[in-house]
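Only one chain is given next, in structure tokens, and it is the form predicted on its own.
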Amino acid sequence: MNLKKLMTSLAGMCLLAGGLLAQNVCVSTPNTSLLLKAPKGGELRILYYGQKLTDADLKTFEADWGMDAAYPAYGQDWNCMKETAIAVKHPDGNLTLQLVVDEVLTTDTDHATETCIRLKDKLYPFYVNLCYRAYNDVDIIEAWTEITNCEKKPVVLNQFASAYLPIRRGDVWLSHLYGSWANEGQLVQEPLMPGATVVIKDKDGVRNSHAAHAEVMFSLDGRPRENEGRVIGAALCYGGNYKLRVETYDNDFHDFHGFFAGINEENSAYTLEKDETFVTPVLALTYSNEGLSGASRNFHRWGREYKLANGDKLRKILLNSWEAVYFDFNQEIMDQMMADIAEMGGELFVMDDGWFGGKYKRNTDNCALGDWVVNTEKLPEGIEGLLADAKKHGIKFGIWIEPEMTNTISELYEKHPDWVLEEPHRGILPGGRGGTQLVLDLSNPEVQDFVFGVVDNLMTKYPEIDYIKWDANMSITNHGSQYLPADRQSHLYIEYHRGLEKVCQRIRAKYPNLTMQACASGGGRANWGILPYFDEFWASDNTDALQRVYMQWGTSYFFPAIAMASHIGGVPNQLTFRVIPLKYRIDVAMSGRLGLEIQPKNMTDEEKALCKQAISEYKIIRPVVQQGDIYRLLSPYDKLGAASLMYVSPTKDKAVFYWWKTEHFMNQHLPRVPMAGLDANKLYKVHELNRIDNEPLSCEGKVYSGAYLMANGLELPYNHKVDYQKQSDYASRVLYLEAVED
């Protein structure tokens, strides 16, 4: 960070309180403020975080000595008893810190103001910069720390959180995500109780959004509501092991829930060399008084504008080969699938796993990872032939890779056994798909060059490749680096992700327009620390449409539809064996980045026609879905029998409304769903998409005011009006609303 000037503006007022210089620092976005008290030589304290403060509001804090320490350090007095954000071991064995304000600096960038509050230990030449980036056009404040050791010998970091935020106690509820493979993004909401500790963490090493997510929301006004109530949201932007802690104190000293977020320090103690600076990942904070959906809209706007690779470009509609053919394909089958998706109006075909292998052919998942040469038995004309076929059909071509991994059965492992993670003196423990998978040691610069070369070689030889699906199917189960020295083995998790980030930075510098998907055993890499290098993520290997309603609902709390790959799967579903009608599968997939995961030649002409119609209509609504504002209306987790959400364009002239039946018992009432986010004074014409009914809806083609739709919604039948033999409990609706002149 380029720090240039001492903070003297109104945003960082220097106020006199009781004759002592007490500098208040206000970090603000268009609608939010974070206020800190930063007395020179004193403890930095957080005074306030929430709705934006006015000049008059700022003055009222002049005599208020604050809520809590802004970055609690293990040290003297009560800080030995409390939870802390940082804990160290000095060269002389001292375990304590006493951090005080040294100076406050700011710098302006094109889109944000960056504030650095420099803290120094009273005794040792040890420094912590608390850094904040407040955006000028989105309501996100990014917070991180820069920890510098100027002592004569190394200092051991035992805790090193990115940030700390006290949240005043009351009827506060926590919303967060949990799950597992094929069951990602499940929503849980719970009240924060006195004396309780909530710990959300990951220890996978490679992937970090299967079992839990590094993002949370705090509802400050009781049970969470989607479109009203005060909410604080937090997202740790880190692709590695993380730990989020919520400590609810119940004593005379604290009226707050203490929220800590940062890298998981377990088995990751970090030795900070003399003059070295350790930079923690960013914690993105937002505040909204428009409920959970309001906080989501803030994250989505920030993500599209500043985090997600190519967040301003609409995503292509694709067909992926995996669920359609798995490893059983050849060039003729690939050509047939390209022809079919092109005829249906698709724009991209992605060839998944199984295309490579020299000495060992990749016909199963237990071999050949790392041997990135074309299997000419399957593809005699190579990638060139596939690119020619794609061009012939007028579509783009994409390809699957898994560059961070290898197999015990591979030429790469035979040549470079020293490149894999391996426990010293214990040997390797392979696993993953096929039971032979190993993780390459990305702390090693040679391995970084190799992984970069996987992409670079493909793109150099085949520059027409438009899309890469980057997979990662193995955890770090062998804690041992053959590259790192013995006294730095605890750096492994951190150095792995530093190496991965270096590789991704090189790829993006050379190929900024290449579309890349982050796939990691499904939804294992839905995280804002990974997405600056990827255009989207694969939400789950489970394409069951009913379960996707739940998974995509939870995932939408922090990630926009443009980043969420959502595909129409075949039936029966590969994992659940459930048979869900095509109409329902289409309607669910159209709420994210639409794609197909199906063999078209196994579809009937009627099914192909319905997909062709859906693709055509998705192209109309694509700008609204991928660039619009989300409003979640009826949660599937409320068990009311249905789920509903909508996207509204920034100018509020277009909207897309989704409704899915999730369960329905005899004589059960399904609620009528009022809409949200529209302009009350505009008139909207209603058109149903993907219609299969013999008769149109009663609202079809009619015009309603935004005020009416937001107060009343529209009457939707519980089932589709089709032939009796085709009746199904899987009812769903997609409505397109377009503003018209009065």
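As the structure is a prediction and not an experimental result, all values here were calculated from the model. Just count from 1 along the sequence shown to find any residue number.
What comes next is about the form predicted in complex with a small molecule, which does not appear here.
For the options 473, 293, 208, 145, the residue carrying a heavy atom within 4.5 angstroms of the small molecule in the predicted complex is 473. Only one of the listed residues (469, 297, 257, 583) places a non-hydrogen atom within 4.5 angstroms of the small molecule in the predicted complex, and that residue is 469. None of the heavy atoms of residue 329 is located within 4.5 Å of the small molecule in the predicted complex. When contacts are judged by a 4.5 Å heavy atom cut-off, residue 127 does not count as touching the small molecule in the predicted complex. A residue is said to contact a partner when one of its heavy atoms sits within 4.5 Å of a partner heavy atom; residue 521 meets this definition for the small molecule in the predicted complex. In the predicted complex, the small molecule sits beyond 4.5 Å of every heavy atom of residue 245.
Proximity to the small molecule in the predicted complex holds for none of 276, 278 and 495, with the criterion being a heavy atom within 4.5 Å. The partner is not drawn, yet in the predicted complex one stretch among 502-510, 606-614, 534-542, 113-121 has residues with heavy atoms inside 4.5 Å of the small molecule: 534-542.
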